[in-house]
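Encoded as structure tokens, the following chain is the form predicted alone, with no partner shown.
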Amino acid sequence: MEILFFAAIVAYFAATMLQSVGAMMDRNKLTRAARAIFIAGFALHTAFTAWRGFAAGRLPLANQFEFASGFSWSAAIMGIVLYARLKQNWVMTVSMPVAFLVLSYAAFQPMEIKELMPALRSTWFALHIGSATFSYASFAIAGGLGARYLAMLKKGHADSETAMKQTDYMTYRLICLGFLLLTVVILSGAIWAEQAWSRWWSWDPKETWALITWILYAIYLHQRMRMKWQGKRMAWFAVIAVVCVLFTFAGVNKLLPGLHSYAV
């Protein structure tokens, strides 16, 4: 099982390097090779996830290692699907590093399979945690697109105006998706908490930071739709907001233990 996991990391790393060099040098052969390696890595990652789920007898999303692996897998499949629809190299240039870095983080977490604690044995398990992996992946890729927009803006190339508009719009669409999924995470978590702990909300650090993240992206969407903000301000917003997402994902577990400490 571990061979599949580490082979996936190596494939993601190789794909990320080839994609970065190919994009910078405008070499289609390199980017095609990067996509092929990335898809192979995704297949390995999928096989590892399925194998671990079979071995554990449950959905493999019960601890920090498994959630990080799911986060990475979600980013990978989103990148592959977006590229299949848009046929734009920049989609892979952003999603590949996200998948690689998050899976690398997972490699430093305890990998042993543990039995689910009673609070996690619920029909809400898959919806709540599965939605969170795709929500975080959407926000992370959106943050990468925001960084790409700022990089193109700094170069000041007139012929990149169309690409910048595409990047800005795709950032917005991904944040809409992530926001919707995070709403599902919070609502399903509240229902689950009432069943498990007899209270809808306890101001647990994980709950609190999930709410802070939700409010932050709600502000983004408000400014985008009501105030018509676009471009540079929204790109910076997307980049900075990812810091909050990453703290909710990893920082809370390490620094602010609470009811969700089982996710470490």
Partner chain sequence: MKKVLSFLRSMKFGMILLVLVIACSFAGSMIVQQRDAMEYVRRYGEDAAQLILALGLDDVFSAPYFIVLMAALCLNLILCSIVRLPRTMRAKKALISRAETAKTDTPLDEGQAGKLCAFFEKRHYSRYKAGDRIIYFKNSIGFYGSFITHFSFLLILLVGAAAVMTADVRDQTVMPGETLELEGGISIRVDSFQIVDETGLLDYASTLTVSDDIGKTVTREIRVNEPLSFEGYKIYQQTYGTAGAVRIKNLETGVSEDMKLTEACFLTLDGVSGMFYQALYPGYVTDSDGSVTLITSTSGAYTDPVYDIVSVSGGAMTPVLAFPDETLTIGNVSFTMLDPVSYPGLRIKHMNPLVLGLLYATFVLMVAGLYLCFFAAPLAVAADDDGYVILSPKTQTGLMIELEALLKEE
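Remember, predicted model here, so these are calculated numbers, not experimental data. Numbering follows the first chain given and starts at 1.
The same protein also has a form predicted together with its partner chain, omitted here; what follows describes it.
Just give me the single entry in 101, 111, 152, 184 that has a non-hydrogen atom within 4.5 angstroms of its partner chain in the predicted complex.
Filtering the options by heavy-atom distance leaves 184.
Look at the candidate spot formed by 33, 54 and 92 and say whether its partner chain comes within 4.5 Å of a heavy atom in all three of them in the predicted complex.
No, none of the three is in contact.
Please determine whether residue 195 contacts its partner chain in the predicted complex, using a 4.5 Å cut-off between heavy atoms.
Residue 195 belongs to the contact set for its partner chain.
Taking its partner chain as it sits in the predicted complex, is residue 230 in contact with it (heavy atom to heavy atom, 4.5 Å or less)?
Answer yes; at least one heavy atom of residue 230 falls within 4.5 Å of its partner chain in the predicted complex.
In the predicted complex, is there a heavy atom of its partner chain that lies within 4.5 Å of any heavy atom of residue 160, even though the partner is absent here?
No - in the predicted complex, heavy atoms of residue 160 and its partner chain never come within 4.5 Å of each other.
Contact between residue 256 and its partner chain in the predicted complex at 4.5 Å, heavy atoms?
Yes - in the predicted complex, heavy atoms of residue 256 and its partner chain come within 4.5 Å of each other.
Interface stretch in the predicted complex with its partner chain - options 134-142, 73-81, 103-111, 167-175, non-hydrogen atom within 4.5 Å
So the stretch in question is 167-175.
Could you list which residues of 99-126 come within 4.5 Å of its partner chain in the predicted complex, counting heavy atoms only?
The stretch 99-126, when checked against its partner chain in the predicted complex, contributes 115, 116, 117, 118, 119, 120, 121, 122 at the 4.5 Å heavy-atom cut-off.
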